[in-house]
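A single chain comes next, written as structure tokens; it is the form predicted alone.
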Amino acid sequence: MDLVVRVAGAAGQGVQSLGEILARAVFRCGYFVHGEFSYHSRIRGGENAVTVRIRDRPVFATSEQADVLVALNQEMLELYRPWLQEKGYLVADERLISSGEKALTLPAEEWARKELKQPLAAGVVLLGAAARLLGISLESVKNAVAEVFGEKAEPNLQAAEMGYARSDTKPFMGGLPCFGRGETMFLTGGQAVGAGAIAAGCRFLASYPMTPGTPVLEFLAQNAQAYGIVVEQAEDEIAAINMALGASYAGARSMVTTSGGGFALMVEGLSLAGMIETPVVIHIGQRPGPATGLPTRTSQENLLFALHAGHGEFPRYLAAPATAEDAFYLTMKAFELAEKYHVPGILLTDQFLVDSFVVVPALDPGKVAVQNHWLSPEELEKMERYERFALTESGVSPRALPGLSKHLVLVDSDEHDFYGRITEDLGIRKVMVEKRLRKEQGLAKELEAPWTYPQGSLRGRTVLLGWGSTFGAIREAVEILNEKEDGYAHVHLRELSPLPTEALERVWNQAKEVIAIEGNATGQLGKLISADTGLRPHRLIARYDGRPFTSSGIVQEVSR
């Protein structure tokens, strides 16, 4: 089973709420679901659509074609009608559909206005009718309405029941549920990042709102009291990164969340973190640039920026999660490695991953060990002299909390000696640079190998190489291509700094051809690999119009 339902209307018509209700209802019925949001950066009007994909196995990609289109206005009906499958269904108010079309029509606006006294509930009426068309139980729909609307649920519950009861259609869906209660979770990528931060022991978040980083700020703010987190909306991004570094110096696991433009303002603070060897986790939700670009669209345009931002040379950990589940665990790992190696940990997501709803296996925080990386007060008391930046073979110096012993914990943004005092001794400068860079050797050993599908040798195969949220579309594309000719494979990078050069060299040595698939115009991953290894992808499939990849689009490009 692979059904695609698209709900489309204007901003202000409740499209995103309707999409979430539908996705939640499908999840409650025991099916896998992926919900992708497409919207303009305006409060009223414009395009606003949610594409809900329903499958009997996990799904991490969206689709351009749809089996059902729920259209809330004429403009969106005309925009999305060409993407409706030949045997698909239109669901709309009867005023929008001409006679003779294959459609499920109801006087939804009239019912909502006259019977419910809630004109905006017309969309929920249509959603109720679509749910019956799909074969979703009314109970699941009403439960989802209650979850989404909360105290405002009552008229919307009536609207859903009205649309469901007054439509008479044969259901699309059938079969047994794919999973049982408690086996899976329904969440967005943004919620997964926030949950990963909580599980890793985050105690401080500073941020200035910027789409698509804001959902992480909102999630942690909503859960701050329950988990003892201080969440501060700073006056700007410069203040946010410096607040986080101050909190980290004082002992709190700290985080900032932003997008590319906000990260640009944080760069001096990023360099400060490198110099004072103070951990911080930076979440960057990518969107198209340069400058303000397309605020509500998706991209993979910040890879090289995130890797090379900052003046001077210092190590960092950088990960780009492939799925919401992956985002949870990699967020935990980013906190752990930042704390263990006293470096910035950078998470690169994007609007597609952050905003999309998806079903994942129940998350288990125990899979990532949360450890204490501080000197204890007892250890400090036994030390005759404490040096915050003491030379070590690993490059990681003993880290102490200030105020817990007689020892001072000195840090300084200028170059400093092992104790933390400013120095212009050029011999010490050379030693300190080398000390900081030695951390990369330890970080490299912490990385997982790139994901490979199918398992086994890549000998003679055409490899589709991706990173981050392109995972689902590429994996599906490889499955489709292999149905015709079993000669394709998928290699996916999620941890990008330090770069796994040895694993990549093996890919090139075995593959017949390497095709990079990236959400940017210049092939940034390919350039990074080339700079570090001298290896170049043979082809680049690029998308940079602000929309996510689909498997059908990738198959078409690969087959050219």
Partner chain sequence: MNREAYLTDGVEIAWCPGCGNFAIRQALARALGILELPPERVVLVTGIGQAAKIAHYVNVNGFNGLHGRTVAAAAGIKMVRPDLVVIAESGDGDLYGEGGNHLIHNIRRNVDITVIAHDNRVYGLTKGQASPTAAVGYKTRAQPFGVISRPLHPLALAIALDAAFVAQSFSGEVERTAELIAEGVRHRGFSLINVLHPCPSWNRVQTFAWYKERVYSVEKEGHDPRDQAAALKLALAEGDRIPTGILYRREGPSFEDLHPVVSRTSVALSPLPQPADLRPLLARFQ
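Positions refer to the first chain, counted from 1. Being a predicted model, the structure only gives us computed values, none of them experimental.
What comes next is about the form predicted together with its partner chain, which is not displayed.
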### Task
Would you check, heavy atoms only and a 4.5 Å threshold, whether Asp236 touches its partner chain in the predicted bound form?
yes
### Any non-hydrogen atom of Ser394 within 4.5 angstroms of its partner chain in the predicted bound form
no
### Query
Is there any non-hydrogen atom of Thr550 lying within 4.5 Å of its partner chain in the predicted bound form?
no
### Message
Just checking whether Gln65 would be counted as a contact of its partner chain in the predicted bound form - the rule being heavy atoms within 4.5 angstroms.
### Response
no
### Query
Taking Leu120, Tyr164 and Ser356 together, does each of them reach its partner chain in the predicted bound form with some heavy atom inside 4.5 Å?
no
### Message
To test your reading of this chain, name the stretch in 506-514, 490-498, 55-63, 24-32 whose heavy atoms come within 4.5 Å of its partner chain in the predicted bound form.
### Response
24-32
### Message
Please tell me which of Pro454, Pro107, Pro155, Pro402 lies within 4.5 Å of its partner chain in the predicted bound form, judged by heavy atoms.
### Response
Pro402
### Contacting member of Ile198, Val463, Leu116, Leu133, with respect to its partner chain in the predicted bound form [4.5 Å, heavy atom]
Ile198
### Partner contacts in the predicted bound form for 392-416 (non-hydrogen atom within 4.5 angstroms of its partner chain)
Leu401, Pro402, Gly403, Leu404, Ser405, Lys406, His407, Leu408, Val409, Leu410, Val411, Asp412, Ser413, Asp414
